[in-house]
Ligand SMILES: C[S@@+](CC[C@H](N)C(=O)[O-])C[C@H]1O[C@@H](n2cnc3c(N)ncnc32)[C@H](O)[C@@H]1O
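So this first bit is one chain, no partners, the form predicted on its own, shown in structure tokens.
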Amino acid sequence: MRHGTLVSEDGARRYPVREFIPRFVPESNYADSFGMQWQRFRQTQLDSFSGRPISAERFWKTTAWRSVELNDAWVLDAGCGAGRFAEVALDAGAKVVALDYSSAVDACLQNLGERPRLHVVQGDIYALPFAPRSFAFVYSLGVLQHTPDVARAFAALPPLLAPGGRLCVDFYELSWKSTLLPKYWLRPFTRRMPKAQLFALCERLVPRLLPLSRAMSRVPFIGRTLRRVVPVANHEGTLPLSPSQLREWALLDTFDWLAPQYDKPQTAATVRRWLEKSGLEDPQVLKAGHLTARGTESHATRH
């Protein structure tokens, strides 16, 4: 159904379907910057577009799942963006429900809509439109720290796991080093700017700041630390990208640093407490690129 309305069984609630996507949230919301971002950079981080397995490597390293396990399994991508990780799960044969609060869902559908195992939903992590115990795998990578209440957002995910189902989420880590990052000095100003104005500013400044960051990175011994003082995302030496791709990723990620309304890094102790409270078995909190939490739903019935 390209356009229509979903109606609850009791007729009390009605939700629009626009461009094949059920919409359970207001058209404009706190995640607007992500909608704008992923419309502008719709294909940038897709492995099928970049020609590099960057998203796949991050996905498998972070989750520690095996491709064969996802085949024909129901998987929830909570915070799908333009679909960079949904593409990886689909390639493994999963049936993927790709959910996002922002209009990034439109970019995801444009990118991956020809995949029959993809189901795109615009929804709120605090009011998820899914029955409990619906998914064999649930992941949310690089998303939860951008929600108003990170603990509540995390707590919404374990109840969706089927018996034996597995969860993986990751966060920016809160540490003394992270507090020194220039994006956190700038965000009190930039997150209040009109997003189109901020993006135009990034377009002007990133081409000037990126060479400066590169020059600083070449200072012996302290270069990799020194370049962090320049407020630009510099992936040179860390991601196998061409010069043009490095410039595009720098613009994307610099805007991504500065634009979100919320950005709340977490400590390992806090994440471990949430994971233990969830009741998931085999809880793990570790560094796998970002601060990562994993757990498995018991085969017993939740009460």
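Values in this document were obtained by computation on a predicted structure and should not be read as measured data. The first residue of the sequence shown is number 1, and the count goes up from there.
In what follows, reference is made to the form predicted together with the named molecule, a form of this protein that is not presented.
Not one of Leu70, Glu281 and Gly295 is positioned with any heavy atom within 4.5 Å of the named molecule in the predicted bound form. Partner contacts here mean any heavy atom within 4.5 Å of the named molecule in the predicted bound form, and among 185 to 193, 76 to 84, 213 to 221, 227 to 235 they occur only in 76 to 84. The named molecule is not shown here, but in the predicted bound form it comes within 4.5 Å of a heavy atom of Gly123. Gly142 belongs to the set of residues with a heavy atom inside 4.5 Å of the named molecule in the predicted bound form. When contacts are judged by a 4.5 Å heavy atom cut-off, Ile54 does not count as touching the named molecule in the predicted bound form. Residue contact check for His146: one or more of its heavy atoms lie within 4.5 Å of the named molecule in the predicted bound form. Within 4.5 angstroms of the named molecule in the predicted bound form, the stretch 18 to 39 places a non-hydrogen atom from each of Tyr30, Ala31, Phe34, Trp38, taken in sequence order.
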